[in-house]
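A lone chain, given as structure tokens: the form predicted on its own.
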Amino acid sequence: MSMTENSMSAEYKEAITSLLFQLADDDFLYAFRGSEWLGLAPHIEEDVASSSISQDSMGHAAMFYQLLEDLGAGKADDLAHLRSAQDRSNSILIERVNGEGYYMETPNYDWAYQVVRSYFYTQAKRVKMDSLCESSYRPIAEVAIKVKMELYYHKLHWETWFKQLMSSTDVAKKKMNDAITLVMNDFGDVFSFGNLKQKIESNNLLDSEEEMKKRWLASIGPVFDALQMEVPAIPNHPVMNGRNGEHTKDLDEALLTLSEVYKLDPVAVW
């Protein structure tokens, strides 16, 4: 049964609001980190492809922020640009820098890390969108259906890169395996609902953390089997949980850049 704002309980509204902030903030930061590869990707075709994926992801974030605005959480643009780091709900993995240095100045970015992070994150996002299509909150189910159509191509893109690099030179394989270690060290909160886990799960907004972890592992299993690799384990207890407002300095620095233009002209449409 679908739920309208007029009929929802305070607990239900709190649960859906928390979940929407997690989804929106994840895509907002993921799109930003992807955009930092513009002009730095391995070749021009990848520049275009990955930029398109980042643009799609920012569009997904905008839809989730709009749902929050519809629930009375505030203006969508303000929610995206003006909230502090401690008010953000994105996973730690998504806020991490692409590598050492600064974009277009002294970038020493790690393409293997970008491929692994993007592939694993996109697969996780697909698992969530599949579940959200059956959500008790109809507006988010409708958005999930739209997002899924684009995610198919995102997943195909990053999976192709993943398989190619893992089947390449010894140097490429080492870089990819190092990247897998880094990504999985931060993967513990990707499927977390944070402090509102019980409320989110009990209100049938989407499947449980545990069920989605199983589906993610099953979704990447065939690729790892084909490469004769062991599927990485998801940490049971994250060192930091971004869902609860715990973040690194990388997020503070990213938000300074992301909000700079908006703060100059808050009435502009992003």
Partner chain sequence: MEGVSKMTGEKTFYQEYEVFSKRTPSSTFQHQFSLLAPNEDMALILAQENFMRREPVADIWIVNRKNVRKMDAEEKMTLGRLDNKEYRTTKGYGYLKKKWRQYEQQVLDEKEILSWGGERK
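Residue numbers count along the first chain shown, from 1. Because the structure is predicted, anything quoted here is derived from the model rather than measured.
The discussion below concerns the form predicted together with its partner chain, not included here.
- Exactly one listed residue, out of 136, 185, 177, 164, brings a non-hydrogen atom to within 4.5 Å of its partner chain in the predicted complex: 164.
- Contact with its partner chain in the predicted complex holds for none of 128, 197 and 203, as no heavy atom of theirs lies within 4.5 Å.
- Heavy atoms of residue 96 never reach within 4.5 Å of its partner chain in the predicted complex, leaving it off the interface.
- A residue is said to contact a partner when one of its heavy atoms sits within 4.5 Å of a partner heavy atom; residue 237 fails this definition for its partner chain in the predicted complex, lying far away.
- Among residues of the shown chain, residue 208 is not one whose heavy atoms approach its partner chain to within 4.5 Å in the predicted complex.
- Its partner chain is not shown here, but in the predicted complex it comes within 4.5 Å of a heavy atom of residue 160.
- Of the candidate stretches 211-219, 225-233, 239-247, 49-57, only 49-57 contains residues with a heavy atom within 4.5 Å of its partner chain in the predicted complex.
- The partner is not shown here, but in the predicted complex the stretch 25-47 reaches within 4.5 angstroms of its partner chain through a heavy atom at 43, 45, 46.
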